[in-house]
Structure formats: C-alpha cells, structure tokens
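The chain that follows stands alone, in the form predicted alone, written as structure tokens.
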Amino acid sequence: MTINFYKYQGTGNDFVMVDNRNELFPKNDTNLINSLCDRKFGIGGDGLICLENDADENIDFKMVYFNADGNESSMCGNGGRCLVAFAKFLNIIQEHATFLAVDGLHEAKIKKNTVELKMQNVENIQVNENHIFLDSGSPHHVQITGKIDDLEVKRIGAEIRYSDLYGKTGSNINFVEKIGEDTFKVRTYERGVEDETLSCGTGVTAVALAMAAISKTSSNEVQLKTPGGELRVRFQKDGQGFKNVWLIGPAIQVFKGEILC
C-alpha cells in the first residue's frame, strides 16, 4: 500500500498529515501509525492526523488525531493549527475554518503562516499545593520550577505521568518558569509520545490559564516560549474558569511525499 502524506510543524511539534476524505487510510492499524511516526524507520512525527469529511455540511472538516504510539488520543492544539494550514493548502478553506475534533467543535483563522485556534472553555482548574491540574482539551499537570533549562524533563515528567497521582490514564506534564511580566518559559512531557516535545499546544494553553488562575499574570494574553518557538494564548476570565481561549502561532508545511507500507 502506498500512502501519500504531508509533514507539518508548529513550533517544532511535528505531524504526519493524511488527506483521508476518501476514508482509505487504515486508522485501526496501530502498528502502522506507530511506524509512520518513527523517526528512524518511518516519516517521523509527534503524531499522525487524518483530515476527513464531516456529516454536517456546515463543518469544513473533521480532525482525527493519533499519538506517536499509534493510539487515537485527546485534542492536540498544535496539531489542530497545523491541520487548518493543511486544509487551506487543499483549498478546503480560505481564511476561516470550523472543524470537529475529539473534544468538540473548533473555530480557526489563518493568515499566511499564522493560525489562531479557538480552544474549548475551561471551567474546572484544580489548584494544589505543588501543582495545578486542568483539561485544556487534554489533561495537563502544570508545575512551577526554577532553572527550567537544566531540568531533566523526560525523567521527572515520566515519574509524575506514571505516578499514582494520575493512574493508568496518565497526564501530560508541564514545567513553567516566569521570565517576564506576561512571559513564561515552558517545557512539556507528552503522554503518547512518552518524551519531551519541542512544543505542546494544549500544554501552553494550560500553562497560560493556570498562571492566570493563580495570579502569576494579570494579562489576558500570555507569551509562551517553548524549545521549538513562541506561542501566544489569549483568553477571558469567566468566574473560576476561562472562555474565548485562543492558541496562536505558526503552522508550516515541511515536505510531502509517499511511503510504501
């Protein structure tokens, strides 16, 4: 079987993209997806995303996201932004999009290489003694740290991800250091990838909201610096939660090709 694919990245968070509007891609083949995401024996990526048609004609497309381990997963913010850029490349959309993901309906805007993605409202933020937990489309543990550049993110992140705190389901683990009035440095350990990624869209969204929730910032727009680049998160406080949450940053096509499987 020959698979046509496209490779996209958003601040170093990279994805294999498949136009699956014909529904020929074998989405139930976990081993295949895992091998396609393998950086030594496949294309390489933090995940694989299928762009599909939705039954609702008012929705531009549907997003089906798989982690690099081959399993279908929760929402991916950078993946969603990259999929919007892919949809524009395919002439499905122009400057605006409405698409369905596993966590519900999303809106997006695209101008040149910048994609603004509206995330779901966040109503429940758990502030604990040493960390904050919230679901920004995916579950996220947010922990403030110092000397973030020296942190062993893979080791410490895995310890927390697999601890009794989150059980079998696990959580993504984010470490954050404040470096300016409204600017934070973020490093993330992602479940499903089981390693640090250069950036995580739902992760920086969670960090921005967590920092606002505990008054580490008073702004409604936060700058997040990840190892792969800079993202912005804009939001409105809504009681104990947040609404009108937008994830903003670049989404770029790296290459395209075909692979024989």
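As the structure is a prediction and not an experimental result, all values here were calculated from the model. Numbers follow the displayed sequence, beginning with 1.
Just so it is clear, the following notes concern the form predicted together with a small molecule, a form of the same protein that is not shown.
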#### Entry: Option touching the small molecule, based on a heavy atom within 4.5 Å in the predicted complex, out of Q120, Q143, S73, T98
S73
### Message
Taking the small molecule in the predicted complex, would A208, T226 and G249 all count as contacting it (heavy atom within 4.5 Å)?
### Response
no
### Query
With a 4.5 Å heavy atom cut-off, would you call R187 a contact of the small molecule in the predicted complex?
no
### Any non-hydrogen atom of R191 within 4.5 angstroms of the small molecule in the predicted complex
yes
### Message
At 4.5 Å between heavy atoms, only one of the stretches 198 to 206, 26 to 34, 211 to 219, 50 to 58 reaches the small molecule in the predicted complex; which one is it?
### Response
198 to 206
